[in-house]
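Given as structure tokens, the chain that follows is alone and in the form predicted alone.
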């Protein structure tokens, strides 16, 4: 068991390191920085100005700016992570990778771990914009609680992205599904309006996505709530994120077997 854990750990670490190197082998640091500094800015600006135009007394600029600042992690954790299997198909390396005896879980979770760090940076910059450009008051913020929210949300949404990524083993690409879920997050996760605005039969969908708990916890932390005050939200978010990761791994094995039988492993 010790050898097995050690071997899985090495696979995990090497996958994480190679993912970072692979990103910058085709994506220049300048383009990465441009993406890092622009995506959240335009997303927050769009929805803040829509909020000002609509002038709904129940939805303030702070509510929308904080929600979209945190939701900007989805571009990394959902869009990028879900593309892992599709990229391997495009490069023609998926079949050789799956032919190795390396632990599947360690291999693909390791590939996604750089995006947790990338997501944290994205959200940190987004909160900077929320404060400096859109006037969100962070004077009462519990910084430790907010940092923990960002960390948990980035990890949980990465698990959600890996679940979507498993579809890429069978489908031509998981990017279409990733696009759908990227915008579902804006509608279902309380980013721009409370979940209670949704029809009652749709609200359970919101609670199946980690971001819903993250947005509530982030707003509470900005209002001054401590880690203990938001602990239940963080635990629920973490539980949903881990569940998505486990379901994603199960689906990965299932779709790998289906793709082998139907010959869709290299279809792109």
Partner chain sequence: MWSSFKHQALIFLADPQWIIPNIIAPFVLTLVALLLFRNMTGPVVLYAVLGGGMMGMWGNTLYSSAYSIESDRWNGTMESVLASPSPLIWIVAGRTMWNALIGIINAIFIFIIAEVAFQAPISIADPVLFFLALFLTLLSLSALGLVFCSFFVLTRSGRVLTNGLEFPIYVGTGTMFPIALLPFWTHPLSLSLGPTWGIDAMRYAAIEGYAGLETGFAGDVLIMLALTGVYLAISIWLFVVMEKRARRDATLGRF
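Positions refer to the first chain, counted from 1. Since we're looking at a predicted model, the values are computed, not measured.
The same protein has a further form, the form predicted together with its partner chain, not shown here; the description that follows concerns it.
Task: Partner contact for residue 186 in the predicted complex: its partner chain, 4.5 angstroms, heavy atom - done: Output for residue 186 is yes: heavy atoms within 4.5 Å of its partner chain.
Open item on the list: in the predicted complex, does residue 37 come within 4.5 Å of its partner chain, counting heavy atoms only?
Closed with: Residue 37: no, not in contact with its partner chain in the predicted complex.
Task: 4.5 Å heavy atom contact, residue 62 to its partner chain in the predicted complex - done: It does not: once its partner chain is placed as it appears in the predicted complex, residue 62 has no heavy atom within 4.5 Å of it.
Open item on the list: Please tell me whether any heavy atom belonging to residue 75 falls inside 4.5 Å of a heavy atom of its partner chain, as the geometry stands in the predicted complex.
Closed with: Residue 75 belongs to the contact set for its partner chain.
Task: Option touching its partner chain, based on a heavy atom within 4.5 Å in the predicted complex, out of 43, 225, 206, 236 - done: It is 43 that has a heavy atom within 4.5 Å of the partner.
Task: Heavy atom within 4.5 Å of its partner chain in the predicted complex - the one residue of 148, 175, 125, 116 that qualifies - done: In short, 175.
- [ ] Counting only non-hydrogen atoms, choose the one of 148-156, 105-113, 162-170, 177-185 that falls within 4.5 Å of its partner chain in the predicted complex.
- [x] Answer to the contact question: 177-185.
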